[in-house]
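Taking the form predicted alone, here's one chain by itself in structure tokens.
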Amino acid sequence: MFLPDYYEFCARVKTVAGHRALDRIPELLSSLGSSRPMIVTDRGVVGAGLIKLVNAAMKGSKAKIGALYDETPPDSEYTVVNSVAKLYRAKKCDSILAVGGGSVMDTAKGVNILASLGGSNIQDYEGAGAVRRKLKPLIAIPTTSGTGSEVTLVAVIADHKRKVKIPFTSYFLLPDIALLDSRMTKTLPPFLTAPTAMDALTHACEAYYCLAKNPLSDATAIAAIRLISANLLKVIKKPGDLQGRLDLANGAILAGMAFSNSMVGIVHNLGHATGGVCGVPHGVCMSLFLPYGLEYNLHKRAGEIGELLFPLAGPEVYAATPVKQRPEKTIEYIRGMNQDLHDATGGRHARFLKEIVDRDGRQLVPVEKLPEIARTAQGDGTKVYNPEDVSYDDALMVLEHAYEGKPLDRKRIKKG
């Protein structure tokens, strides 16, 4: 097993979780010295009635909502961040309640940078280490069990003109509090529950075999995989299962802790590029690229990939599978999960790139875009932590196989 002789691990976000965790919001705001929070969310969250639950939790408290922004796009975008920061200042807010999925969380983190450090353009803070001091209070309330952004030090914000997703990285981007309430994911439909949870599963799997893995990220990754694998299909079939919803939320936050410390690799590398070039939702990219990422790294991480079978399939399957067959069995199991989710969502869960379509049935990833995606992936920093180098030719080869849904031809990998 690969383990480092030096590592760093940080998981300092306070987590409050339960079936009625929202009731703690007034107390938590008070503990942060806040009385006028801004809610950052999106139309889907508002339409599902989830902001009403937040408002109900604050009824009668001294804290009052200073502003509500509910037009966050599916991909956090830098002009939106700049605009929302202006609203924050104009309404004299003193904190943020981020209520939503990954895009909302990333937008809220970006807004918090400008609100706390000044400036009018979030692009001035691009990259790692540009944010160097504590920001204003931020409470993250996820409405999906996927990104783990409620406990990560990263925000990914799109620049649609350049067709790229820009990373912002700093320990000061960690929210002050992550609040998990099972009611906040209850209304998420199956076709969205599936890719968001597979996003979390990808975080945990990549965290377990990428170059910055360590004993603590391993522990959180394995716990996350077990919770997600055991509850995802169950919740898809029974959306109102609140305990299953809470278990998925716990799995997502554990996965967030894992990858925020051990980083990710080729799955996110190709996923960020595909999202930037073609506008594909992040979770969709993660679910279909995950088995390819495992295949691509198999020659360097067979032991670790084989160990993933235990939390994925359970002790009986793990024990019944010979050691040498466990890595391939792991990949087979994840492909089987994607097939099960495809079936359970009436075909809406995409298994490969060719199946990703918009509301009008048009393909989001035309085959002629694959070279552009491969080129874009070369500029994404996640490739640094992948066990095997990811060249343009390798990226294109993986994309071509993922387009048709064919298992990877591992003989074509240019091994570094």
Partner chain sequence: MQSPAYYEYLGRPKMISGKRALEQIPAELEGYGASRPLVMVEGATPGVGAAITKAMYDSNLVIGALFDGHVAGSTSGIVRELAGLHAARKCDSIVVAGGGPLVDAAKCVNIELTQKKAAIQFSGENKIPKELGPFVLVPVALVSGYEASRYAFIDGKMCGSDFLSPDMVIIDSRASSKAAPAQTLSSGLIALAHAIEAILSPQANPIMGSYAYAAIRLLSENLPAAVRKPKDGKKSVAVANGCAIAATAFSNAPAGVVHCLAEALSDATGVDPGVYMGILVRSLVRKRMEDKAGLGDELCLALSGPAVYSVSEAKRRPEAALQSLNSVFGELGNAVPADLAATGTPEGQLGPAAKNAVKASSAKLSEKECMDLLERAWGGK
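Numbering follows the first chain given and starts at 1. Just so we're clear, the structure is a prediction, and the values are computed from it rather than from any experiment. For the two forms, the rigid core is made up of the largest set of C-alpha atoms that agree within 1.5 Å on superposition.
Separately, the form predicted together with the partner chain exists; it is not shown, and the next lines address it.
Q: Which residue, L227, L97, L308, V81, is the contact with the partner chain in the model of the complex, using a 4.5 Å heavy atom cutoff?
A: The option sitting close enough to the partner is L227.
Q: May I ask you to choose, among A223, A313, L114, L298, the residue with a heavy atom within 4.5 Å of the partner chain in the model of the complex?
A: By the 4.5 Å criterion, the partner-contacting residue is A223.
Q: Can you pick the stretch from 272-280, 195-203, 88-96, 241-249 whose heavy atoms fall within 4.5 Å of the partner chain in the model of the complex?
A: So the stretch in question is 241-249.
Q: Answer with yes or no whether L254 is in contact with the partner chain in the model of the complex, where contact means some heavy atom within 4.5 Å.
A: Yes, L254 is a contact residue.
Q: Whether P407 contacts the partner chain in the model of the complex should be assessed with a 4.5 Å heavy atom distance threshold; does it?
A: Flag for P407 set to no.
Q: Would Y318 count as a contact of the partner chain in the model of the complex, using a 4.5 angstroms cut-off between non-hydrogen atoms?
A: Residue-level check for Y318: yes, a contact with the partner chain.
Q: With the cut-off set at 4.5 Å between non-hydrogen atoms, does L396 touch the partner chain in the model of the complex?
A: Close contact is absent here: in the model of the complex, L396 is far from the partner chain, nothing within 4.5 Å, heavy atoms only.
Q: What residues, if any, in 4-43 have a non-hydrogen atom within 4.5 angstroms of the partner chain in the model of the complex?
A: If the 4.5 Å heavy-atom criterion is applied to the partner chain in the model of the complex, 4-43 yields D5, Y6, Y7, E8, F9, C10, A11, R12, V13, K14, T15, V16, A17, G18, H19, A21, R24.
Q: Quick one: core overlaid, is K134 moving 2 Å or more at the Cα between this form and the one not shown?
A: Yes, K134 moves 2 Å or more.
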